[in-house]
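Just the one chain here, the form predicted on its own, laid out as structure tokens.
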Amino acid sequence: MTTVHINDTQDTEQPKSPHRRSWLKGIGVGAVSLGAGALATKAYIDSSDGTQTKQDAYGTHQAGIITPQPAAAIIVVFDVLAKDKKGFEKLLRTLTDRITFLTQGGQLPQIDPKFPPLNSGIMGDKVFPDNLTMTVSLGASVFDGRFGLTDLKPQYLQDMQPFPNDALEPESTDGDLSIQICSNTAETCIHALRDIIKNTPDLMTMRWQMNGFLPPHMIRKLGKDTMRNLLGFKDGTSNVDAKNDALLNELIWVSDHANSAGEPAWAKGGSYQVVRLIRNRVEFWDRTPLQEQETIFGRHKLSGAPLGKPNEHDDPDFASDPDGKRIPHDAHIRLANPRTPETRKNLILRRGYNYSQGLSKSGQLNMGLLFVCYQSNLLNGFLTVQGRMNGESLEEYIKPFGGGYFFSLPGFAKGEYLGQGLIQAAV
């Protein structure tokens, strides 16, 4: 089993003392102050070892979507335990406070040792930001009536339905709320996850989790390099340019663009998040001839260039190859992005990670792709792209088994909380 499922155990050893409540209040105030300071601090300090690198907590959009990818990630999905709108608002406020503090860092207070520690201690007595981002997104089930949000659901948000090659496992699929946690190190991601769990025991419980990784040199190149998946091919070469604001407003952010027509007003600044857990049959793949592997992808394995081209970012020029003699019509890159004016609206922002979790029950390597992508229109984006790829030759070597569709909340300003527009719009 590749995912961790925790539905039963909750931390009930929270200290009840006024001391703890005062600290939690204080740490929230401190986090606001630190976050304001971050506005004047550039995201990356070249001379540091990375521990002091920080991303702004505030903004129109949440961090972690167009932010350059660091090396470590956790996707964790929760079921919400809050019973009503007031409880759900409390959850969002708590997440906002914790995320603001954790992403900016700060000194931890000393407490009475008769009580459990307020922090896991993984980072010592001072939390450092370590390039941490935490992106909160909501599943369709949040809009089922428990919190009075039914009429405010983003129009394309839905439970994940299986495509023909999928074998979705219910215990690893969907959920009320996802948090994408990314950082320079796995320890910082784990520290953040444990902090969130410790501070929300009565508000939500974990449903499933997947850890991902990228090569450490991705940090130094600030996302300018293209990751390789565990099949050995570069993955995301033709990704949407995260520095092109016009393109982002059309394809990634819910905005005033026609691609976002019909969305509720509160959703502006948010984005649809797709998570797919895709196992790679690597033993089978490693016995496949190189020429066949490259034909399946439509790219040269080592350089990442389209077949027949010398460089990774060369245009595959499908128009000059109408019969598919150079790049077959069912090649992965041709189906994913045909590069026609009509399919431009289908472009998505990929933000995937590799995963490896030991052996499967059948004794095979349990590894693959933690696929994550963002788009302003789920129907025009992932659903259409994946529909085009049904039956592709690559399906023989991959098996999607879980994930979900979520809506990443808009960002928040100082003094606001995540999802405030949604809560205020509810009757």
Partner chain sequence: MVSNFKLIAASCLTLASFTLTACGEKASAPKPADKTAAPAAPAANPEVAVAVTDTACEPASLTVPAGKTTFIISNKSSRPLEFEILKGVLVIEERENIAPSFTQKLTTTLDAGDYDMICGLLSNPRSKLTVTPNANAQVAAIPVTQLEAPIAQYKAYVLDETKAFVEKTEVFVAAINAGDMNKAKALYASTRAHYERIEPIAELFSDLDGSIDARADAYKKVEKDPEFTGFHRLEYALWSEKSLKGMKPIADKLLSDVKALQTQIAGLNFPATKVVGGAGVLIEEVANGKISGEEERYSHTDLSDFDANMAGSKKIVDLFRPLIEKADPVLLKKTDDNFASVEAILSKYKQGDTWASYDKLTEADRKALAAPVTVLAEDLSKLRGLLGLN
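Fair warning: this is a prediction, and the values are worked out from it, not measured in the lab. Positions refer to the first chain, counted from 1.
We do not show the form predicted in complex with the partner chain, though everything after this point is about it.
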May I ask you to state whether residue 174 is within 4.5 Å of the partner chain in the model of the complex, using heavy atom distances? yes
Interface membership of residue 396, the partner chain in the model of the complex, 4.5 Å heavy atom rule: yes
Tell me, yes or no, whether residue 168 is in contact with the partner chain in the model of the complex, where a contact means a heavy atom of each within 4.5 Å. yes
Partner contact for residue 114 in the model of the complex: the partner chain, 4.5 angstroms, heavy atom: no
Give a yes or no on whether every one of 68, 311 and 318 sits within 4.5 angstroms of the partner chain in the model of the complex by heavy atom. no
One residue of 340, 107, 244, 161 in contact with the partner chain, assessed in the model of the complex (non-hydrogen atom, 4.5 angstroms): 161
Just one of 87, 148, 328, 304 has a heavy atom within 4.5 angstroms of the partner chain in the model of the complex, so which one? 328
I need the one stretch from 285-293, 121-129, 188-196, 99-107 whose residues put non-hydrogen atoms within 4.5 angstroms of the partner chain in the model of the complex. 285-293
